[in-house]
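Here we start with a single chain on its own, the form predicted alone, put down as structure tokens.
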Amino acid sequence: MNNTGLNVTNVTKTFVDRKAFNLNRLWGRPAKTVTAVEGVTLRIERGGVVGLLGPNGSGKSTLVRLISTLLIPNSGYIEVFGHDVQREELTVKTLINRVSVEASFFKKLSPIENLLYAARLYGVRGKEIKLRGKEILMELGLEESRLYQPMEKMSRGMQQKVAIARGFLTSPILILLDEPTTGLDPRSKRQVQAFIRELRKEHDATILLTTHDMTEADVLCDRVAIIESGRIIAKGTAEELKGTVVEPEGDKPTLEDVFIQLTGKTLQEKEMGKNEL
């Protein structure tokens, strides 16, 4: 199998601006487009963990959807272990799984029932998969008594743990973690982070992690890429990026400092700006 887990080369994705679409059509004007991802190149070696940092609207989730075959790029190409995501879509789907902050479930079913349903979609059945699902959920800190309760009775944080377990259940070799710890309390966040480390160690998993949490990226990732307005504006190890920041003597730079230097704003300020639009 190809030693490069993920190869994204010069990928661009645009969308029609739906807000202006009807008005433009009424006046006979061409449809206005919005560029969500522009000329992105990103590579992850097998077994590597790369963090993608950026505010909402920066293109992180769009890139994840492109990699996971949910969207088609306008230009450029994406390969997962040497398989083209467009020409070999079915093969790619067997190699990857995605954990999204916007995960959906059958709310009337229990966590175990949701996991078994997801496993069947991948052609996996049997008692072993049920035991594996139970094991993952308990490693993530879900109490055994909760495993058979309807999802609708669970908190947002507990539901997110089920989403994470579902993503790991089929032992994918490329895992796309789209803000997996958003909404989790500090203890749950640490449990998830510990599980990610274990998964990488035990299963040689290749991981792309999108996150707002720069400390999380610092401790989990081999390399980090910062994306802003659809473009990768910096790449390197956390230490390499922090080495580009000039700080007063005695202060140690952080990834937050790198972000501020490159974009002129903190991540919180970026988020507030996006929410105001």
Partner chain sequence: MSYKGRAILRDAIYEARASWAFVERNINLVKRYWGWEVVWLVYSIVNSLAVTFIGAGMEKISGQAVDSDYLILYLLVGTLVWSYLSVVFNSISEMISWERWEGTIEYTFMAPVRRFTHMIGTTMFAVFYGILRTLVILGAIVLFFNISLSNANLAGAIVTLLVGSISFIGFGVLASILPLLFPERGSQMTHIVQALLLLVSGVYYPVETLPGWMQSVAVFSPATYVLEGMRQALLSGESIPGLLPNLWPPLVIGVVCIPVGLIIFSRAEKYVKYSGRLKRSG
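For clarity, every value in this text was computed on a predicted model and none was experimentally measured. Residue numbers count along the first chain shown, from 1.
The next section is about a form of this same protein that is not shown, the form predicted in complex with the partner chain.
S.K.: Where, among 76-84, 193-201, 132-140, 91-99, do residues come within 4.5 Å of the partner chain in the model of the complex by heavy atom distance?
M.R.: Answer to the contact question: 91-99.
S.K.: If the cut-off is 4.5 angstroms on heavy atoms, which of these, Ser188, Ser110, Thr182, Gln159, is the one near the partner chain in the model of the complex?
M.R.: Checking each option against the partner chain in the model of the complex, the one that comes within 4.5 Å is Ser110.
S.K.: Please tell me whether any heavy atom belonging to Leu116 falls inside 4.5 Å of a heavy atom of the partner chain, as the geometry stands in the model of the complex.
M.R.: Judged by the heavy-atom cut-off of 4.5 Å, Leu116 is in contact with the partner chain in the model of the complex.
S.K.: Does the partner chain get within 4.5 angstroms of any non-hydrogen atom of Val34 in the model of the complex?
M.R.: Contact check for Val34: no, nothing within 4.5 Å of the partner chain in the model of the complex.
S.K.: I'd like to check something about Ser104: if you look in the model of the complex, is any of its heavy atoms closer than or equal to 4.5 Å to a heavy atom of the partner chain?
M.R.: Ser104: contacts the partner chain in the model of the complex.
S.K.: Evaluate Met154 for contact with the partner chain in the model of the complex, applying a 4.5 angstroms cut-off between non-hydrogen atoms, and reply yes or no.
M.R.: Looking in the model of the complex, residue contacts with the partner chain do not include Met154, since no heavy atom lies within 4.5 Å.
S.K.: Scan 121-160 and note down the residues that get a heavy atom within 4.5 Å of the partner chain in the model of the complex; none is a fine answer too.
M.R.: Stretch hits, in order: Leu121, Tyr122, Gly123, Val124, Arg125, Tyr148, Pro150.
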